[in-house]
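What follows is one chain in structure tokens, specifically the form predicted on its own.
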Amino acid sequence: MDQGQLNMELAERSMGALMSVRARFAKEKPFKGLKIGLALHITKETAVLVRTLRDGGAKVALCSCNPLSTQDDVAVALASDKDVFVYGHKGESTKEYYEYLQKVLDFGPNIVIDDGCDLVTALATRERKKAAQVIGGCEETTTGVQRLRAMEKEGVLPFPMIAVNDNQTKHLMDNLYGTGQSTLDGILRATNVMIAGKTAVVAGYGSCGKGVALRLRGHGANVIVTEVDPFRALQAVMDGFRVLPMKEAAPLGDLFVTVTGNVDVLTVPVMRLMKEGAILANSGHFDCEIDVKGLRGVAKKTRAIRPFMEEFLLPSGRRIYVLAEGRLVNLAAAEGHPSEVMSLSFCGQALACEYLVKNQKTLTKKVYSLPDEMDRQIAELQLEATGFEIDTLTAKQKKYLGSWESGT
């Protein structure tokens, strides 16, 4: 049996919640006669989601949402299914990336699952005719949701979209625990550097930044946080981290990790301030947080030191290192989030697709969140799958929480 299939089997054993949804879908066939197009990281966990949708009656087309995140053995194994079409390979060019995206659009999806909003953007601009047959879609990541809300505000959102990233079981688990562990995994695989005793600078203290800072501190790093949001900066201070502007943090850091979802976080002027041997990594969705192009333009010399680790010699004589071309280090240099975490996120995607089908007549061209009870259901499924039990409210407790008469 090939390695891709074995990897998918291993993922299934850790994704009990999603496997429960898959079993129900196999009986009820909520997507019978529908096509679902996805732009996601082609990993073993994504493969389990794809097969869940397939078992629900859908034909599925999948392309990568990042040029370096495809697990080739999984892509080959998944493509062996007659109802699944897979487009992507690790290291694809920008030209190939958009060609594969177009293949998913040409598939004629009725539902789209996006990670970063590139599919929806294409349907809102150059593929408006194809958008007319789309019931709606789901978005996986913070950056994509930001883009969707901007589209809604401008009145150009082509169909209803569900922000799966808003689920507590997504952003509080995937972003915090998943990004924290997988980012560190990617950095260690790319560099094998010692974390303990080093000064690490984390740019951004949203859910992803919190997870990265927590894991770096757990490995013994002295962590500095940079932020533009006063409340998040205050949270970082209360969590025991040092908070500085980036220009003050730049000369101090041995390791920099960007997780902001914004552009120009580590610019060439900032990089000129860094010490010899500084390591730069990104875990934000797009490769725009670290100005690798600008750095390449000013560097006297560049060379690959290890897979996914490139050395840049600056005019000052100092060397700095960029991991994974400034792309998602956790997926380019490692394997992304653990399967247990993605089980929760992909339960959200699967149930959101079902929600779109059931409510297509009432949903309008807006960005929606899934109802709280569905989020609760996902958590319950994962607790059940992992063998944990919780208490339940008594009738008296329910009455007390729903009343106002009882006081001091």
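These numbers were taken from a predicted model, which means no experiment stands behind them. The first residue of the sequence shown is number 1, and the count goes up from there.
The same protein has a further form, the form predicted in complex with ligand ADE, not shown here; the description that follows concerns it.
Gly336 belongs to the set of residues with a heavy atom inside 4.5 Å of ligand ADE in the predicted complex. Within 4.5 Å of any heavy atom of ligand ADE in the predicted complex lies no heavy atom of Cys138. Taking the partner from elsewhere, Leu331 is found to have a heavy atom lying within 4.5 Å of ligand ADE in the predicted complex. Ligand ADE is not drawn, but in the predicted complex it has a heavy atom within 4.5 Å of Thr43.
When ligand ADE is considered in the predicted complex, only one residue from Leu351, Cys63, Val60, Met342 comes within 4.5 Å through any heavy atom, namely Met342. Of the stretches 35-43, 353-361, 377-385, 22-30, only 35-43 has residues with a heavy atom within 4.5 Å of ligand ADE in the predicted complex.
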